[in-house]
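For reference, the chain that follows is the form predicted on its own, supplied as C-alpha cells.
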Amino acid sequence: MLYSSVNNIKIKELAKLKNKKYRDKEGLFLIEGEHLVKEAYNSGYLKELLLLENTNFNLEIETNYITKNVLKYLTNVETPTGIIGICKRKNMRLNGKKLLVLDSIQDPGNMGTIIRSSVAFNIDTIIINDKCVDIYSDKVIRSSQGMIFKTNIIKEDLHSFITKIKGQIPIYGTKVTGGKDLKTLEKISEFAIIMGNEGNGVDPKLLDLCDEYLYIPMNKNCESLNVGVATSIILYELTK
C-alpha cells in the first residue's frame, strides 16, 4: 500500500510516536535507516517497514510505501534514507549478575554510548530510573548504533533495587575522591556498578548503599570525564 497523505489516520498516529507519551502508551517506536532496521529485524523488534516509493529493501516483514511528503512528516533527520521501521517494545526482566545501574542519565548521546559499551563489555542488564532519558527516543537509538536491540534494559526505583540486591553481589559506586583506583581492582564476574547524572553524579542515598567506591586515575589538569566515556573505561577494566 502507498500512503500519500499526512492526514491519513495511520500516518498521523505514527507521527505521534515522536513523543515519549505516545511511545509509552502504544509500546511502539520508530527507527530510520538500513542499519538500524536490520538490527531491529534480526533482534525481533521490527513490526512493519515503511519505504519511500520506488525504494527496494527486502525483508520478510509487512512492508508499505510512502511518498516524500509523508517521509518528511515522519522523519527526525535532515537527510532521510527513505527507510523507516515501526518497532514494538519487548518486555524485559533482570538477567545475569553483571549489572549497570544508571542514575538519571539525561543526555541521549551519553545513553547511546553507554548502551554500546554495555554490549561490547558483556553487561547482562542495564537498570535505569524514570529520570533517565527515554531509551526509545530516536537520538538514543541512533547513538547506540542499534546496540539497544542487543541488550537487556529494565526500569526500576533504584533505591529499592539496590537495597534488594545488596549482599548478593558487590555494589560499586563512582567517586572522584575517596574511591579505589580502578586499576587496582581485580577482575570480578559479578557486580553492580552505579553511574550518575551528568551534572550531579550518583545520588548520595545510592552511594550510601555501595560496598566500595571507584575512581578513574587521570591527569590532574582534567577534573572529570564525560559519563559515557567514564562508563566505557570502567566496564572495560571490570571485564577485561
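Just so we're clear, the structure is a prediction, and the values are computed from it rather than from any experiment. All residue numbers are counted from 1 along the displayed sequence.
There is another form of the same protein, the form predicted in complex with another copy of the chain; it is not shown, and what comes next is about it.
Undergrad: Choose one stretch from 186-194, 63-71, 45-53, 211-219: the one whose residues place a heavy atom within 4.5 angstroms of another copy of the chain in the predicted complex.
TA: Looking at the other structure, the answer is 211-219.
Undergrad: When the contact criterion is heavy atoms within 4.5 Å, does Met92 count as touching another copy of the chain in the predicted complex?
TA: The answer is no: Met92 has no heavy atom within 4.5 Å of another copy of the chain.
Undergrad: How about Gln106 - does it come within 4.5 Å of another copy of the chain in the predicted complex, if we only consider non-hydrogen atoms?
TA: Contact check for Gln106: no, nothing within 4.5 Å of another copy of the chain in the predicted complex.
Undergrad: Under a 4.5 Å heavy atom criterion, is Met147 part of the interface with another copy of the chain in the predicted complex?
TA: Contact with another copy of the chain, yes.
Undergrad: Does the 4.5 Å heavy atom contact test between His35 and another copy of the chain in the predicted complex come out positive?
TA: So His35 counts as contacting another copy of the chain.
Undergrad: Looking at Leu207, Leu59, Leu182, Leu28 here, can you tell me which has any non-hydrogen atom within 4.5 angstroms of another copy of the chain in the predicted complex?
TA: So the residue touching another copy of the chain in the predicted complex, by this definition, is Leu182.
Undergrad: Quick one: which residues from 218-233 get a non-hydrogen atom within 4.5 Å of another copy of the chain in the predicted complex?
TA: Residues within 4.5 Å: Met218, Asn219, Asn221, Cys222, Glu223, Ser224, Leu225, Asn226, Gly228, Val229, Ser232, Ile233.
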